[in-house]
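Only one chain is shown below, in structure tokens, and it's the form predicted on its own.
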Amino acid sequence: MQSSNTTDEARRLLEICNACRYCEGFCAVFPAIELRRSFTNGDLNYLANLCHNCRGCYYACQYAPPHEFAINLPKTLAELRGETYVEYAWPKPFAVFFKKNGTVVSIATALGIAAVFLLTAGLQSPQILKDVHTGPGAFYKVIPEGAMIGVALGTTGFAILAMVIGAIRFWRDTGGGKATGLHALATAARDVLTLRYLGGAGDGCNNRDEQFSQTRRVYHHALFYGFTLCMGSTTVAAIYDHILGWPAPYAFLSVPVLLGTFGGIGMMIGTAGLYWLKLVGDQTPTARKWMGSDYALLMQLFLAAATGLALLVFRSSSAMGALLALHLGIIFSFFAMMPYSKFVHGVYRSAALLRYAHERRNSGQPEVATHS
């Protein structure tokens, strides 16, 4: 990655932090800083994505603005994270989607919804969206099975491929090396699944001021595991339909419906909560230029969950056809934009945590003492 004003500023701040070391027990970033005396651009990208933006260091720092050193590490690392998303995006021309990301995601969502409605009306009949459809295969009466599966596999497959290539580029550029070992993999998996460092030194994040709170972590868990449950619902439904020959819709107490219901509720709670925290939070340690992508992703995930739950409730009514087209339009646009939205932060942060677990084990450095 080429140097920029952001990388130069990040390097300046980290050199000061490395000399001070007051915040060495706050999170994973500072022990990782201490393993270095100088910082390559790859190191800076790694440390920026290792940061969970708990903001504890900002409120504890004696050199924060208005001090002449003007240490605002959360803001600078957040700006650098945004630049890494652009740098490692694949295919490269699509990196432009990260600019004005909120607008781009909104347009993509609108186009996705419109496309599904138009294709449904074109392949079937406009009346099909108004009729009542019940019984096995009811959804396929509105949208043909081949069209639904083909678009789903195409968008999902492309999103996974693009993010895997981006992760490989990030790993190589940040000096991740080859095999990391089972211990490092297990440690990184634990840190990801428990959001270990979303609590700073263990007392929580500083969402609005210097007061600590676990609220952000709770909302993030609700979104993370809600999304996981929804993916589990889709997987089980695919097994039911294409392996066992049991086409949807399924009973309210069936496994796919229960997973999707609890997952959708969790996603709505998590997205709404995180959106609220961003609105009321202190804007000083915030990278405002990238906030549009945060809001766009949260809104898209909220709409995906809300329309999915609405489809479940009204699936036996004349509203089912329109709700199905609306829901699938949002889902398809979400997966199409996934590699070019804030969603990729999970990919790069997971890779950064894996590298941190690996280098900490090799250096013999003890773990950060959090209360998670």
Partner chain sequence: MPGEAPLALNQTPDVLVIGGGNAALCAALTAREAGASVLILEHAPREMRGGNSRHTRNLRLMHEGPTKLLGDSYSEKEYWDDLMRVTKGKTDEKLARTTIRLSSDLMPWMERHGVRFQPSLTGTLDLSRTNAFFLGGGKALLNSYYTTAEKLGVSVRYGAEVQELKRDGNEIREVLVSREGVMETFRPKTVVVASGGFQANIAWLKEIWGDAADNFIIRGTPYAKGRVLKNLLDQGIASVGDPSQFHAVAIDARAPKFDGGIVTRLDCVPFSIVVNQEAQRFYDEGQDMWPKRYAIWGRLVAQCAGQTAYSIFDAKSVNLFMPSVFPAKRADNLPGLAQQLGLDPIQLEATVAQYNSAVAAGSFNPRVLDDCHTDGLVPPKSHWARRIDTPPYYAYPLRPGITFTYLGIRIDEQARALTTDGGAMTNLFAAGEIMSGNILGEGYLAGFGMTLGSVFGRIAGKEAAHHAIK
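Here the structure is a predicted model, which means the values were calculated and not measured. Numbering follows the first chain given and starts at 1.
Although it is not shown, the form predicted together with its partner chain is what the next lines describe.
A heavy atom within 4.5 Å of its partner chain in the predicted bound form is found for one listed residue only; from Ser125, Gln211, Thr215, Thr156, this is Gln211. Proximity of Phe334 to its partner chain in the predicted bound form falls outside the 4.5 Å heavy atom cutoff. In the predicted bound form, its partner chain lies farther than 4.5 Å from every heavy atom of Arg361. In the predicted bound form, at least one heavy atom of Phe26 sits within 4.5 Å of a heavy atom of its partner chain.
Of the heavy atoms in Asp131, none are within 4.5 Å of its partner chain in the predicted bound form.
The stretch from 319-327, 300-308, 62-70, 40-48 that comes within 4.5 Å of its partner chain in the predicted bound form, counting heavy atoms only, is 62-70.
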